[in-house]
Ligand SMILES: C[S@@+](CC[C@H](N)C(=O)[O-])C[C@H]1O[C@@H](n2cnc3c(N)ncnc32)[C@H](O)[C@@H]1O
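Here's a solo chain for you in structure tokens, the form predicted on its own.
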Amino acid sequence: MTKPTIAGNRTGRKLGQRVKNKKMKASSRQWLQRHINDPYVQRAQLEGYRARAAFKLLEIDEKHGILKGARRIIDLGAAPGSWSQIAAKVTGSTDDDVRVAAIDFLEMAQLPGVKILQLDFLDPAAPEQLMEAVGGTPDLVLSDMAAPTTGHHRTDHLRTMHLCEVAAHFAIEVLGEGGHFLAKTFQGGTEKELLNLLKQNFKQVVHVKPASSRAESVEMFLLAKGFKGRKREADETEA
């Protein structure tokens, strides 16, 4: 994979540009100014990714190798689709042989080799539809889901952690042995029950904050590597 490190501004655009539209709210002007001067935003445009989030996944993969050998990938909270773009490339997914399934309640433009479901992941029908769309057992479940923010830190944390927990249970139900699970979380403490669940089912569980995640952002990523498989569960049921 291409290394995500950024060596200067490769777009030819000047950094440090100011937004001078005085009719905009100050907060909106500041956000837009930060966005257009963000080197990851500029590099995403240059390299054809739909969002700067692509580099978060690439950086995590560079250190932890979660994309290597992946044959089928499920992308939760996929819009606008930069993680799905990477997933389709590494799996060799095509429209004739789809190996990537993506879901989001937001509308998402079509991507070659990606089956897109415009559906809330919490919909009871979502898991079955995702498995049908991906066409086999996934090696990697990605989740960039986050609940719409309310401005209340504790509430936002709890709502996003709920999505992370549901995604973790889904990953445990569908992953092939040796597979990996990566999910967005927020700083503020991952619930002990969720960590225990992942540690019981995966060989390694770590928190990651890639350099491309803005320093002021409270987001982090929870990575569970090396799914142990469901044989143990089957043995316990049989017993």
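Not measured: the values here are computed from a predicted model. The numbering used is simple: start at 1 and walk along the sequence shown.
From this point on, the text means the form predicted in complex with the named molecule, which you will not see here.
Undergrad: Using a 4.5 Å heavy atom cut-off, which residue among 90, 116, 131, 79 comes into contact with the named molecule in the predicted bound form?
TA: For this set of options, the contacting one is 79.
Undergrad: Please determine whether residue 156 contacts the named molecule in the predicted bound form, using a 4.5 Å cut-off between heavy atoms.
TA: No, residue 156 stays farther than 4.5 Å from the named molecule in the predicted bound form.
Undergrad: In the predicted bound form, does residue 104 come within 4.5 Å of the named molecule, counting heavy atoms only?
TA: Residue-level check for residue 104: yes, a contact with the named molecule.
Undergrad: Can you tell me whether residue 95 touches the named molecule? I mean in the predicted bound form, with a 4.5 angstroms heavy atom cut-off.
TA: No, residue 95 is distant from the partner.
Undergrad: Within 4.5 Å, heavy atoms only: does residue 168 come near the named molecule in the predicted bound form?
TA: Residue 168: no contact with the named molecule in the predicted bound form.
Undergrad: Using a 4.5 Å cut-off on heavy atoms, which residues of 149-171 contact the named molecule in the predicted bound form?
TA: Sequence-ordered list has one entry, 163.
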